[in-house]
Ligand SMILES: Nc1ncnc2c1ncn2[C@@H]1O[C@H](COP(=O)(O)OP(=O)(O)O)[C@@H](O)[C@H]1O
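As a starting point, one isolated chain is supplied in C-alpha cells, in the form predicted on its own.
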C-alpha cells in the first residue's frame, strides 16, 4: 500500500458513506470482533435494508466473512471469539441473553461457500428445518413447503421426479440451489451468503445470481464475494472492507464508478487485493 493510502486509512472518518438505510432489517452498531487477543473487526456500523442485496467486498482476510458470521451468531461456535457492539434484527438485539441462537438461525439463514447438502434425500434436505421447527402439522403441509421452497430456489422442475434421490447426487450448482431451498424452507427474514458461487462454473453462477435477484423481493440479503463483477451485478449497495474496518459503503454504482476513499479506488482499480 502506498504511504498516501496508509495515511488515508489512518484518517478514515467515522462516517464512511450510506451506512444507514430508511428501512433497515438488520442494524450492526459499533461491532468489534476478537479472536483471543487479536482483533479482527473494528467498530463496524452498517445496516441491511429490507428487499435489498448488500455486497461485502475486499481483499482476503479483511474481515468480511467474520462480520457476516456475526449476523446469525455463527461465531458463537468458535470458543476464542468475542463480539462487541450490537446487531439488531427488527430492533431486537441478536446478542441478548434471551435469544436462542438456534431459533435466530431460522430467522437469519446462511448459505456457505461450498454446497453442503445433508447426507439425506433431496426431499429430506428441504424438510429438515420445517420438521425440527414444527412448521408443518402433517405430511401434506410438509410436501407443500418442500415443493414451494424448491420452486423458489428454481430447482423443483429439475428434481421433482427424484425427490428421494440423495442431495449429494446433484451437480454443484444444483446442490447450492438445494442449500438455498433448505434455507428458505423455514421462512427466514434475512439470508446471508458467503461466497455462494466460488465453487461453481459460470453457468451455475449465473443461475444463482438470477435467483438472488428474485429472492430480494422477499428477503434482505447480504453476500460476501471476491468477485467485484458479481457484486456489481447482484447488489444495490456495496461495502468495502480493509484490515477489519469498513472503509466505505454506498450505492453499488457509486462505489464502482466514483468511490470516496482512496483505498476503495485502489482496490476497485486492481492496484492491490
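Positions refer to the first chain, counted from 1. This one's a predicted model, so the numbers in the text were calculated from it and none came from an experiment.
Although it is not shown, the form predicted in complex with the named molecule is what the next lines describe.
Across the options 23-31, 206-214, 59-67, 232-240, residues that bring heavy atoms within 4.5 Å of the named molecule in the predicted bound form belong to 59-67. Contact annotation: of the candidates 78, 199, 165, 135, the single residue with a non-hydrogen atom within 4.5 angstroms of the named molecule in the predicted bound form is 78.
Listed residues 247, 54, 40, 228 were compared with the named molecule in the predicted bound form; 40 is the one with a heavy atom within 4.5 Å.
Applying a 4.5 Å heavy atom cutoff to the named molecule in the predicted bound form picks out no residue from 207-221.
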